[in-house]
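Below, in structure tokens: the form predicted on its own, a single chain.
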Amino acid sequence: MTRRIELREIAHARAGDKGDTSNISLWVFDPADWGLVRGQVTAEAVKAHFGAQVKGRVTRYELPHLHGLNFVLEGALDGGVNGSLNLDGHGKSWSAILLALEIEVDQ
């Protein structure tokens, strides 16, 4: 039997930006959860989680020695801090949004 949890229960994230691209790193607190996150937090899952907010491609890079993932989200910041009236043009809150993604864990 499984249950759903938000990523924030087992991981930490931090976001950065470069122009219209958001970059989000995700690390698990416990290396025992690395396989769980690696298997479920795919580029497709992240793209679906952000929906229409991400207009471009989502690319995932694995950092197995750090038990983490790095996501590059293109076309995500309404043009970026210099080209957008978006209150979060740097996308600093995007890590919090990613941590709300639900995954399945064993009970």
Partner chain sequence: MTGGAVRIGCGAGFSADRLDGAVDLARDGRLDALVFECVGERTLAFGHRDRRLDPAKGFNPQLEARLKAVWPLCIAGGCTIVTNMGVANPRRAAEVAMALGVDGGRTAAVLGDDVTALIGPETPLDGGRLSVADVDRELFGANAYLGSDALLPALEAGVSLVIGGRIADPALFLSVLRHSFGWAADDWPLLGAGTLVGHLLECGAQVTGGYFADPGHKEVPGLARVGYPLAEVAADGTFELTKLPDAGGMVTAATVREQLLYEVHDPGRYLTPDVTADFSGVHLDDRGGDVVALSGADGTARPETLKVTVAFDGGFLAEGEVSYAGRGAAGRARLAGEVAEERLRRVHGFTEELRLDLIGVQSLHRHHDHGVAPEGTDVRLRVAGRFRERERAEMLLWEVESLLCCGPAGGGGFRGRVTPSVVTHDAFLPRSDVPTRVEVFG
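What you see is a predicted model; the values in this text were computed from it and never measured. Positions refer to the first chain, counted from 1.
Separately, the form predicted together with the partner chain exists; it is not shown, and the next lines address it.
Contact check for residue 78: a heavy atom falls within 4.5 Å of the partner chain in the model of the complex.
The partner chain is not drawn, but in the model of the complex it has a heavy atom within 4.5 Å of residue 70.
The shortest heavy atom separation between residue 49 and the partner chain in the model of the complex is within 4.5 Å. The partner chain is not shown here, and in the model of the complex it never comes within 4.5 Å of any heavy atom of residue 32. Contact check for 41, 57 and 107: none of the three has a heavy atom within 4.5 Å of the partner chain in the model of the complex. Heavy atoms closer than or equal to 4.5 Å to the partner chain in the model of the complex belong, across 11-25, to the residues 12, 13, 14, 15, 16, 17, 18, 19, 21, 23, 25, ordered by sequence position.
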